[in-house]
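One chain follows as structure tokens, the form predicted alone.
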């Protein structure tokens, strides 16, 4: 058991929680498989981590950005070298198939390389002054201690989206990983420590949202909270940050749509919907939850996608032949099954494939459900409106392009959308008129790249973006600097009329 006991990482040391309590992390595909035992931390642990980060900030912010970049470059190299074992452990703790966890780890590698390069950029600007003999410029300045609350569905990629730009800007970090997937963050933090991130600059505290997340949000020394999770919890995070004007970056829910026009490549559209709906067992904020088809191609699309969904191989993601893994835990499985029942009872919705928990043999040791598709779904139905976060696809229909745009926007969320069409005019109109932060043409609603901003509109986010250089704006503030070398007092607009 000792080799499966994992500790918090505070001020450069692996330490046990002051609570003296632990919790287990088990494989959702095989609950007999114990991934590890982790610290059930409390507010005292959070305080220690924040104190360490606050002290370390004094020196880390003064490390030249190119030197910070060199450390991150070494971290990226190590993550690349350890990609396979990290991916294997991620599949064991999260459940998604090994091909996807390799992609998750690669995303962390890509983000780390990308932000390492920013060490020699972090560009501001110089601009002419309106006054003579005066120089004007802007620079980025770090915020201080950053608190991260990260989700279980991308247990290394999303922590890297937050950590790498924060560190590059000169901030220090306290991270609370999801209780379902702490090992992936332990792996990332271990590599960061071993490759030269100084003590206190990166800190890891495991435990529940109430015991760790809330004290982290409320600590006055934490200047920014970056949260990825549900809109319901994100709203509470925002409210908790508001009294002290703590910055908050929120990436929350989605109810993403794929539009299939009558001139679309139907096989390609089905490929996109199948991958978008059932990749990661539908447990992505960008998952394709709604598929709306032109009435002239509806029956063809339903037939093709339901036939293929029924044939997807579901099982333990460590098996290279498996195409879809389990739900992450019992609660998530129960949520998915409850929405399937809601769909079955919605007046008019038609179950075309799936709809049941998978049982028998190895399935009895995990949280498996069939890939599920409902047809004839209308905008009034709950399975149209509410985020399910599981392998459930709702199919609706439209007659006109204008109707398709209206249906796509009929959601409180605004994360991702896609259109499949051969008409470039319709593609560009959809790009313009569908209110989302991400949009794809002839590609599924999933597939973000690290050099593009990631985030959504409406109840999906609060205006910030992760990844790319947009992330630097979350973890730094602009300072405008004026240097007057005229030798006299110049009163800006007063003396420039």
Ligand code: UN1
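Residue numbers count along the first chain shown, from 1. All values derive from a computational prediction rather than experimental measurement.
Quick note: we don't show the form predicted in complex with this ligand, though the next part is all about it.
The stretch that touches this ligand in the predicted bound form, counting heavy atoms within 4.5 Å, is 447-455, out of 60-68, 42-50, 447-455, 29-37. In the predicted bound form, this ligand sits beyond 4.5 Å of every heavy atom of residue 92.
Taking non-hydrogen atoms only, residue 284 approaches this ligand to within 4.5 angstroms in the predicted bound form.
For residue 346, no non-hydrogen atom is located within 4.5 Å of this ligand in the predicted bound form, even though that partner is not displayed. Interface residue remark: residue 305 is not counted as part of the site for this ligand in the predicted bound form, having no heavy atom within 4.5 Å. Distance criterion of 4.5 Å from any heavy atom to this ligand in the predicted bound form singles out 153 from the list 397, 332, 153, 150. A heavy atom within 4.5 Å of this ligand in the predicted bound form is found for one listed residue only; from 168, 158, 188, 277, this is 158. Residues from 326-354 do not approach this ligand in the predicted bound form: none has a non-hydrogen atom within 4.5 Å of it.
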